[in-house]
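The data below hold one chain only, encoded as structure tokens and taken in the form predicted alone.
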């Protein structure tokens, strides 16, 4: 690894965080990681990274700290307090939060960090587990241009579409819109799948031709096999999409934007979660449509 590259601390090694941190190791970065699961730390070590025993240990010598955790409460838990990032990272470091959280949480974090001389970018991603593994994520960023420019090489090791969307919180606002579009798209695909199957059409052939026209989408490309084989192993869990639909509907209400279709899909996601499917991939919205259509699941 190059000694000219910044030293990175990575906090949160889940479905997305593990492959993303490993891609930085492959790109030559010195990555020290911390998470609560020992097997995830072992995975990072096997990939060439370093495991830390605490947040403080992970961030102490870091030039850049990257966080990838489930939601706002987890971001606040790792950022604040005597054992958190802000108390233990050196002044001048860059904190990049790649979690999907509320825009206000990102704004508040940036303000608290600035008081300690720490710069912050909110940089949530889209592309799911496959995009993380393949380093083709879309990365939507909020923060200062100079900080974005410094972080650009890191982002380029993780994704393909990398855009500074505006000031702090802007990345999270764009991510909320992304999650709205994805959820509505999955729901539409799920309804089409049930309609096609009940009509006796060859589903695989139908999805192939649909994906070649205006109805085609990254969702349909990525989730086609999930639909065909009812494979709902989580790439992005319903639980997390439920959280994100709460973020977008709340943020939209605050700015006076009506989301009539989004509100319905948010309730469908909530209903699926209430039925015990929160740990499944969000393509499992198909299960809800099947239940409504009389299937016994």
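In this text, all values refer to a predicted model and were calculated from it rather than measured experimentally. Positions refer to the first chain, counted from 1.
A second form of this protein, the form predicted in complex with nicotinamide-adenine-dinucleotide (NAD), is not displayed here; the remarks below concern that form.
Visitor: Please identify, from 74-82, 201-209, 214-222, 181-189, the stretch that has a heavy atom within 4.5 Å of nicotinamide-adenine-dinucleotide (NAD) in the model of the complex.
Guide: That would be stretch 74-82.
Visitor: Verify the contact flag for residue 100: yes if a non-hydrogen atom of it lies within 4.5 Å of a non-hydrogen atom of nicotinamide-adenine-dinucleotide (NAD) in the model of the complex, no if not.
Guide: Because a heavy atom of residue 100 falls inside 4.5 Å of nicotinamide-adenine-dinucleotide (NAD) in the model of the complex, the answer is yes.
Visitor: Does residue 246 reach nicotinamide-adenine-dinucleotide (NAD) in the model of the complex if we count a contact as any heavy atom within 4.5 Å?
Guide: No.
Visitor: State yes or no: in the model of the complex, is some non-hydrogen atom of residue 14 no more than 4.5 angstroms from a non-hydrogen atom of nicotinamide-adenine-dinucleotide (NAD)?
Guide: Output for residue 14 is yes: heavy atoms within 4.5 Å of nicotinamide-adenine-dinucleotide (NAD).
Visitor: Any of the heavy atoms of residue 70 lying within 4.5 Å of nicotinamide-adenine-dinucleotide (NAD) in the model of the complex?
Guide: It does: once nicotinamide-adenine-dinucleotide (NAD) is placed as it appears in the model of the complex, residue 70 has a heavy atom within 4.5 Å of it.
Visitor: Among 121, 125, 109, 89, which has any heavy atom within 4.5 Å of nicotinamide-adenine-dinucleotide (NAD) in the model of the complex?
Guide: Only one listed residue qualifies here, and that residue is 125.
Visitor: Quick one: of 257, 264, 36, 46, which gets a non-hydrogen atom within 4.5 angstroms of nicotinamide-adenine-dinucleotide (NAD) in the model of the complex?
Guide: Only one listed residue qualifies here, and that residue is 36.
Visitor: Though the partner is not shown here, which residues of 224-251 have a heavy atom within 4.5 Å of nicotinamide-adenine-dinucleotide (NAD) in the model of the complex?
Guide: 235, 236, 237, 240, 243, 244, in sequence order.
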